[in-house]
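The chain below stands alone and is given as structure tokens, in the form predicted on its own.
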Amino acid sequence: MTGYVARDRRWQPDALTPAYKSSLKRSPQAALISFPTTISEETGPVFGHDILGPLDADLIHNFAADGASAIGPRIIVHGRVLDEFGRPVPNALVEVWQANAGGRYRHRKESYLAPLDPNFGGCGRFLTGEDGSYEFRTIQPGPYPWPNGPNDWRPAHIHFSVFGAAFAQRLITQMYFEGDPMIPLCPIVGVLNAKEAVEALVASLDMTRTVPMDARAYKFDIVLRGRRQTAFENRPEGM
């Protein structure tokens, strides 16, 4: 791929993983075909701060009524977005979405019976700094059951969508939390081919960035391409 190190498909999960039942119908039925990237894929999109609202990076308050806030343990998530050579990726648009503290999404087709939080919308967005850094505030999501098997549960997690400096760096992934005993039990986590790939999806507790009497902090770095790229959500090419 011109201008970019190719993704290592052996590092990424297989498209067809029977234990993850959703992959049975959505995985490719024929061999994949690679195409050279176009100029637009290597140079766009470009985002500016004018697309952001003042509370887009504060999920505790960006959906809350005046004077209210989301319910649940407050956390700060921070880290850096890097390319395949370890260089920072500045001005990358990052979007996040998650369940509330009870494990429920604000979605019209949500079937889990946990209560909704009227002051939590569950989504936010921000741009990385010149050094590739990012930070947002939210509440720690709860685990939830899903109809994959008779008793399967998703670990607490936050979804990330990263545009990078070009469409060729597009990444969609999930972040888990250090110490969660449900991580190795999850069929989605189980599709990863290496222990190191799982570890790259787990945010570490960072006591140096906590706010006393307010919020704990977790550190999560994201690599957009190459051998140590942060794993996609069960897509060989990520698209």
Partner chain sequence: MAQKLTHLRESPSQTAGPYVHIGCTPNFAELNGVYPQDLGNVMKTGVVQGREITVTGTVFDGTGTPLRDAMIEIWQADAAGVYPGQAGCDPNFTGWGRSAGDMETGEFRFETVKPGQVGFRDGRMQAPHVTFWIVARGINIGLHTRMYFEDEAKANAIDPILSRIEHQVRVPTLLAKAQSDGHYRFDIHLQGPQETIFFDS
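These numbers were taken from a predicted model, which means no experiment stands behind them. Positions refer to the first chain, counted from 1.
There is also a form predicted together with its partner chain; it is not shown, and the following applies to it.
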Can you pick the one in 67, 36, 181, 212 that has a heavy atom within 4.5 Å of its partner chain in the model of the complex? 36
According to a 4.5 angstroms non-hydrogen atom cut-off, is residue 75 in contact with its partner chain in the model of the complex? no
So, in the model of the complex, is residue 60 in contact with its partner chain at a 4.5 angstroms heavy atom limit? no
Residue 176: heavy atom within 4.5 Å of its partner chain in the model of the complex? yes
May I ask you to check whether residue 15 falls inside a 4.5 Å heavy atom distance of its partner chain in the model of the complex? yes
Going through 65 to 88 from first to last, which residues have a non-hydrogen atom within 4.5 Å of its partner chain in the model of the complex? 82, 83, 84, 85, 86
